[in-house]
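Alright, here's a single protein chain in two forms, structure 1 and structure 2, each given by itself as structure tokens.
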Structure 1
Amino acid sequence: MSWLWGAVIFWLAAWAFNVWLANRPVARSRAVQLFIPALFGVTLLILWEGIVRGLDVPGVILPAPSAIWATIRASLPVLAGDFVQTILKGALSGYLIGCGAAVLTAIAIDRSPFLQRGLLPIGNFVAALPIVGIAPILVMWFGFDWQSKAAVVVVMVFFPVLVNTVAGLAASERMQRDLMATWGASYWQTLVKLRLPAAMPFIFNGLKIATTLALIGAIVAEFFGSPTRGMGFRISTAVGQLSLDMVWAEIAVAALAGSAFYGVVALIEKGVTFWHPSQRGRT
């Protein structure tokens, strides 16, 4: 029980320090803004470790963070292979294809009133389809390798990016579009110089949502058929073997990859939409 009480006391002390630090003027600095959530995450891991050790929780129910870290260190080649198969091949390729197709489709919808009335309702219907129903079908169509996982990711990311892009293309003001017409600008000139720049905050909102959906889609698709590698495959087999430390190791790698993926997209957004009030307010 000493582990449990020590972890609880440390967590409460770190919580009080974080609250105190967040209310100081120094909290506006970039270093402190990164330190506060980092400390909060570390305290949660220590509390988790203390609860598992203090209450003697079996590893088949909830392994300690130290056991998960030991599994990660001992299984780096396996985890690296699963990362390449699921994230780089399945999730990333499907993300690029799905988001690119969504932006092009949004431009076509913006250009055609027929597509606005006909395609968007179909998109709503497709977006409502459960992933556990679509994934087995796409695995049967595209095989058991990464192509079927990429196809599932395309289906998952397409509609959020499409909806946000269509909304963004309509975000420019009527007066601005009339001014472009007064200058004799064509549709494509107006699109490139006015409407797409104005739509960038909306597009990046959809792209950031799609980062998490891409990872979820690729991992879930591997539950329905995969070669002998991949995060979803490893999780399903490890659960059957009651190897919960490997399951949590894969979850940790997926969470870190998803956070890094989201951060890269957010960083690109900051560079592209530096003119937007939301970005100026963060600097």
Structure 2
Amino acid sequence: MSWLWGAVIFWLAAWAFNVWLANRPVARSRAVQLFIPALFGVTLLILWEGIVRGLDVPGVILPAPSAIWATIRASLPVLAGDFVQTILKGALSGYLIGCGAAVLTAIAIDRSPFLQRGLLPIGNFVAALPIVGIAPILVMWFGFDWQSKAAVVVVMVFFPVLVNTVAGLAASERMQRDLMATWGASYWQTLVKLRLPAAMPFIFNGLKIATTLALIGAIVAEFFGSPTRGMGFRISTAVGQLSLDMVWAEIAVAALAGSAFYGVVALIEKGVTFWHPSQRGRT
């Protein structure tokens, strides 16, 4: 029981410290703004550990963080193999193809308001559908390996990116387009020098949404069939064997990969759209 009480007391103490810290003037500094959520996260882990140990929760229901950490360290090669199979081969290749195709499609239909008026509502509609559902079909078509996962990812990321890009291409101000016209700029000059740069904040908005979708698509598609590696495969088999420490290890890797993926896209966004009001404040 001492584990449990220790953890609860630690949690309360840390929370009180956070409250105190948050109401200090130092809370405005960047270091403290990183420290507070970090401390909150650590206390959650310790509370988790304490509850599991203190109440003797069996590992098949909830493994302790320490047990998960041990599993991660013991099975690094397996996790790395799953990471390559699911994230690099499945999610990343599908993401690149899907986003690229979406941006190109948006540019292709740019000159036809008719197509845009037709495609946009459909794109918006499809973006709200449970697209992961097509996973079984694409697994049938493209086989068990990463190609079918990439195909699911392509379909999942396509519409959000398309819709955002089309909205972005319409975002340049009329005055700026007029200005281009007074200089006798061609369609392509206007596109490259004005409309694409102006569309970047919108495009990156779509690209950021798509990072999460890509991971979800790649992992869930593996539930419908996969070679004997991959994060989705590992999760579903480990669940079957009730080795939940392995499941949690995969989830930790997925969380890390998801945040890193998003972080990289956000960093590129910061470099490309440094001029946008939403990016200027924080340097």
Partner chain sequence: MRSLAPILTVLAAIVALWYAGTVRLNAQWTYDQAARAGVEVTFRELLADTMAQERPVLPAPHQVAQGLWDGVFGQKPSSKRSLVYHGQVTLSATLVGFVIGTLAGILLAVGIVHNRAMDLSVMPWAIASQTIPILAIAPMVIVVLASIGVTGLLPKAVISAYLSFFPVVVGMVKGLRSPDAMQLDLLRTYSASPAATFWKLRLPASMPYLFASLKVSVAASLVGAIVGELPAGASAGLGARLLSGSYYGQTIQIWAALFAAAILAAGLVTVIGVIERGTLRRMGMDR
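Quick caveat, the model's predicted, so the values are computed rather than measured. By rigid core we mean the largest C-alpha set that fits within 1.5 Å across both forms. By convention here, residues take numbers in order along the sequence of structure 1, the first being 1.
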Identity of the form predicted together with its partner chain, given as 1 or 2: 2
Does superposing the core leave Ile36 with a CA shift of 2 Å or more between structures 1 and 2? yes
For Met200, is the CA shift between structures 1 and 2 at least 2 Å following rigid-core superposition? no
Establish whether a shift of 2 Å or more occurs at the C-alpha of Leu21 between structures 1 and 2, with the two forms superposed on the rigid core. yes
Looking at Pro121, what is the CA displacement between structures 1 and 2 after core superposition, in angstrom? 3.9
